[in-house]
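There is one chain below, alone, in structure tokens, taken in the form predicted alone.
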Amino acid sequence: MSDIPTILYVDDDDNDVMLLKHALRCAKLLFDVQVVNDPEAASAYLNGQGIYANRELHPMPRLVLLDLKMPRMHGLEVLLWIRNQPRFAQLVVIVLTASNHIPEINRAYELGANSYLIKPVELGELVGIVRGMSAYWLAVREKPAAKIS
């Protein structure tokens, strides 16, 4: 397995996906960005099912970036599903969406989002967001100890 951290990006907008990847390159951050464009694929990826069964090609993510506005299922439903899976209790889930609707923000935190970020329109702002996200969520924060069985 690679030492490069994996991010699962759940977003149905190809332009947003390209912009995030570009921001990561501009920030000189090295991540394995795995992209799924709908909630069902996110579930299959996290469960290692179907085309995502090979964990060498589709490693478990250290972090999930989750858009809210997607077809068939709202991102908050995906967040609820993730938080209802005990094996994903420590998985960092960051909502990255265009919505600044206060009830949606509050609901995301109630459901267990680790952070809620508004997608910026400027590349420079997104570069700053990915740098901060990487520094805090993947580098400096203390993580819970692994459970010993």
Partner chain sequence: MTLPRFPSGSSTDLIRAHRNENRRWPVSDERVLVLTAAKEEADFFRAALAERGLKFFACAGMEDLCRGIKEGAGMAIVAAESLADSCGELLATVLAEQSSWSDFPLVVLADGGEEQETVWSRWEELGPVGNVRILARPMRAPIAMGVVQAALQSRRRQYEVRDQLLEQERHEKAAREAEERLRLTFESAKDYAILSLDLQGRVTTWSAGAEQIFGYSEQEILGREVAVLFTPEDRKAGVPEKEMGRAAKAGVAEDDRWHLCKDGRRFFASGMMRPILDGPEKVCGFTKVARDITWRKQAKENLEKERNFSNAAINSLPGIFYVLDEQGRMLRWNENLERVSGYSALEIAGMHPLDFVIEEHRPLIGQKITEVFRSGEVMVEADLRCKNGSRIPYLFTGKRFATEETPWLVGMGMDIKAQKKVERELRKLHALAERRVAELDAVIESMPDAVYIGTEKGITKCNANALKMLGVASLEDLNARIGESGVKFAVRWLNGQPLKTEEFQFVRALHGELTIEDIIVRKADTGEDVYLRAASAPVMQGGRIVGVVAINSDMTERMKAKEAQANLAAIVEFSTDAIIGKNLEGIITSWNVSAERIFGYRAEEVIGHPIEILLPPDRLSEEADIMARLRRGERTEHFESVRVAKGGRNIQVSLTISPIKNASGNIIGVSKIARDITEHKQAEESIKAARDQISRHALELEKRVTERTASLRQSVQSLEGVLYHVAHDLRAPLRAMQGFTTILLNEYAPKLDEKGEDYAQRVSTSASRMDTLIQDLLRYGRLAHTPLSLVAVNLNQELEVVQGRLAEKIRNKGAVISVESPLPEVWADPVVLDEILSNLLKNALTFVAPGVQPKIHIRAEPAGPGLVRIWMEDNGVGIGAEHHERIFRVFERLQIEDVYTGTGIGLALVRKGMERMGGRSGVESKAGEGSRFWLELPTMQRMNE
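Residue numbers count along the first chain shown, from 1. Because the structure is predicted, anything quoted here is derived from the model rather than measured.
Another form, the form predicted together with the partner chain, is not on view; read the next lines as being about it.
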**Complete:** Of 38-46, 53-61, 98-106, 80-88, the segment with heavy atoms within 4.5 Å of the partner chain in the predicted bound form is residues 98-106
**Request:** Answer for residue 24 alone: is it within 4.5 Å of the partner chain in the predicted bound form, judged on heavy atom distances?
**Result:** no
**Asked** Is there a non-hydrogen atom of residue 18 within 4.5 angstroms of a non-hydrogen atom of the partner chain in the predicted bound form?
**Response** yes
**Prompt:** Even though the partner chain is not shown here, does residue 123 get within 4.5 Å of it in the predicted bound form, heavy atoms only?
**Reply:** yes
**Prompt:** Though the partner is not shown here, which residues of 62-98 have a heavy atom within 4.5 Å of the partner chain in the predicted bound form?
**Reply:** 67, 69, 74, 97, 98
